[in-house]
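Shown next as structure tokens: one chain only, the form predicted alone.
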């Protein structure tokens, strides 16, 4: 079986869980004899290609005079945005959105001028233009390669998946890692992103969601037929960190939040819980690792709570720095308001760190050895953290059982489920 897979990022060049999940899935699928062509907008040359063949969209010529590309291009809505938007991350407010559906292909030639386009692979103001161009590349690749099925990860690649389907006639599977409702909250929905998500799922032969929480959102808000949606929970790769060492320079216990500083991740609840804990025990330090649109507001709130001497902001961490942060941590907290899945608690547990997670997360569906609280229950969150910090037997129980649990959450198991969905779609298409 050969899969044409579209993804916006691939390790080591990632900004969140989307790239990590895509990479884990490809490694898992390889173990089940699935061959993959993985298309990214920009390849940097240092991607791990042991499991997949990486195709750099910037290297693919697009002949816009071909009829199938013209037909698809004329169906596209061209959007121009004046501020950043990120996948699997909250979108900031759009400064400007421009829609153009009336112009002919010749009036849009400036978007696809020449045979190739050099993608930035980033999430800047030209993102929507790049999404549209990427769809054209998707059509070109589909016309040139042999494959059995198409798999598109998250909304940024859905148009490419649709284009590939229309050109090749092959079935399309879309993977919903996070919805616009997760990223923005119900009151700040970007209708253009929502429209792409909805269209991608409507055109798909199968929709894979990363949790039942996400599945319910897709059914409720997007009106997608439940019969075409299947949940496949994310997983985690075991790693050997025996050679990783870090010197602890503080005597206090350390409680860590690691994620984007956005509404979705609930960082403000972490601050309030920290205040309650410090009122009982000032022998604790709190670390907030990440960046985002709430950064300045959170710093201000720390000052208002007068906990600045016990609170640390590290900025965005990645790679070995994340691993080192876990080695320094006594408790990890994920207080997300809306979390489609949440890979970071698995990474923490893998590093022998007990975790407190919100019930409003997909990972709560698969974890037994984690303390689960409602994101808004600050007192309950504080009690859970305090208990793990002060009762060694409790902490050690969660550490021991947690490591065993995450070691069984392997990507090869998730990939087996995904392959079964591929086979089901291919069988239905033959009938």
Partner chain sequence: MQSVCLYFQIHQPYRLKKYRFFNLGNDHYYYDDYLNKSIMERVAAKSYLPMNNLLLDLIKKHGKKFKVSFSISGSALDQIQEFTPQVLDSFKQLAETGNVEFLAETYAHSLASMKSKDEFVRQIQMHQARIKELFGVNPQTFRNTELIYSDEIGETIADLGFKTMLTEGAKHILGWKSPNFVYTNAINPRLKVLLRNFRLSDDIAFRFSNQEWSDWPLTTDKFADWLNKMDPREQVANLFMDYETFGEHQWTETGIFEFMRNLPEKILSKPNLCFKTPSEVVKEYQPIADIHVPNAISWADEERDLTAWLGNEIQDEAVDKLYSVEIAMRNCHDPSLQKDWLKLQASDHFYYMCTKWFSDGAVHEYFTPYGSPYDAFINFMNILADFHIRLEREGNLRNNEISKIPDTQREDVFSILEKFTNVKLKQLIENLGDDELSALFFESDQIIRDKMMKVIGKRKFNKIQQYRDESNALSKKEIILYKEKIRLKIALLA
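Every value quoted in this text rests on a predicted model; they were computed, and no experiment measured them. Residue numbers count along the first chain shown, from 1.
Quick note: we don't show the form predicted in complex with the partner chain, though the next part is all about it.
*Asks:* Can you confirm whether 283, 321 and 327, the three residues that make up this candidate site, all sit within 4.5 Å of the partner chain in the predicted complex, judged by heavy atoms?
*Replies:* Heavy-atom distance to the partner chain in the predicted complex: none of the three under 4.5 Å.
*Asks:* Name the residue from 60, 54, 366, 394 that puts a heavy atom within 4.5 Å of the partner chain in the predicted complex.
*Replies:* Of the candidates 60, 54, 366, 394, 394 is the one lying within 4.5 Å of the partner chain in the predicted complex.
*Asks:* Quick one: from 43, 406, 371, 36, grab the residue that has a heavy atom within 4.5 Å of the partner chain in the predicted complex.
*Replies:* Answer to the contact question: 371.
*Asks:* Which one of these stretches, 272-280, 174-182, 196-204, 343-351, sits within 4.5 Å of the partner chain in the predicted complex when only heavy atoms are counted?
*Replies:* Going through the listed ranges, the match is 272-280.
*Asks:* Please determine whether residue 379 contacts the partner chain in the predicted complex, using a 4.5 Å cut-off between heavy atoms.
*Replies:* Yes, residue 379 sits close enough to the partner chain in the predicted complex that at least one of its heavy atoms falls within 4.5 Å.
*Asks:* Residue 50: heavy atom within 4.5 Å of the partner chain in the predicted complex?
*Replies:* So residue 50 does not count as contacting the partner chain.
*Asks:* Taking the shortest heavy atom distance, is residue 375 within 4.5 Å of the partner chain in the predicted complex?
*Replies:* No, no contact at 4.5 Å.
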